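A single chain comes next, written as structure tokens; it is the form predicted on its own.
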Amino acid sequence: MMKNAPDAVLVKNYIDGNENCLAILITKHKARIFNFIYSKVYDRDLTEDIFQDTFIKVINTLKRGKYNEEGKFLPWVMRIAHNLVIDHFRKSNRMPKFESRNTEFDIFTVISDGTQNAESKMITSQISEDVRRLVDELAPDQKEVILMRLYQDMSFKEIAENTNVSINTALGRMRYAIMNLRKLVAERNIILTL
């Protein structure tokens, strides 16, 4: 029976033309996604609108054949919903700003309660996994700089010393690594925001 099928099977069957599978996915995850959106916007009508926009985006992505989340349907949908919440705040100019030591904080500071709920942890974990997979595809010298800078928290001076290159070369490799990561993200339609 399709109602008990794993998300990946439902997604595949929907892509293959079984429209009912999308209805099953929506029913299966509606409460979690709806509550997640509501916890950010505190407005039932707005939550309903963002929920519908989320699934319009899901449908468009699936129909275009751009879905590549490898069985991670719910975290993927949650990231889409989260991005639409952020878009709503940006469009409505309701992005709260707080000043602290000359640094502006945006909505991420406001909509976070400081602790990660299960959905946020799932999304963060998926983002980390996606980034790590993309980094693995970079040229070896670019991958090395990214790993040293982001995962070992090394300065560009330390990276230059460890790789026997100039600081400018290390900076250049980082620049190319970021450009190539952006290209990979765009090509694969990956969402990398919480």
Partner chain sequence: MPKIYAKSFTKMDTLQPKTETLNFILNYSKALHVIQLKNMQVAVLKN
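All values derive from a computational prediction rather than experimental measurement. Numbering follows the first chain given and starts at 1.
Only in words, not in the display: the form predicted together with its partner chain, which the text now covers.
Contact check for R132, Q152 and Y176: none of the three has a heavy atom within 4.5 Å of its partner chain in the model of the complex. This chain lacks the partner; the member of N35, N168, N164, S128 within 4.5 angstroms of its partner chain in the model of the complex by a non-hydrogen atom is N35. Among the residues L22, V9, L184, I15, the one placing a heavy atom within 4.5 Å of its partner chain in the model of the complex is L22. A residue is said to contact a partner when one of its heavy atoms sits within 4.5 Å of a partner heavy atom; E144 fails this definition for its partner chain in the model of the complex, lying far away. When contacts are judged by a 4.5 Å heavy atom cut-off, K157 does not count as touching its partner chain in the model of the complex. Residue contact with its partner chain in the model of the complex: I59 places a heavy atom within 4.5 Å of it. In the model of the complex, none of the heavy atoms of A139 sits within 4.5 Å of a heavy atom of its partner chain. In the model of the complex, not one residue of 126-158 has a heavy atom within 4.5 Å of its partner chain.
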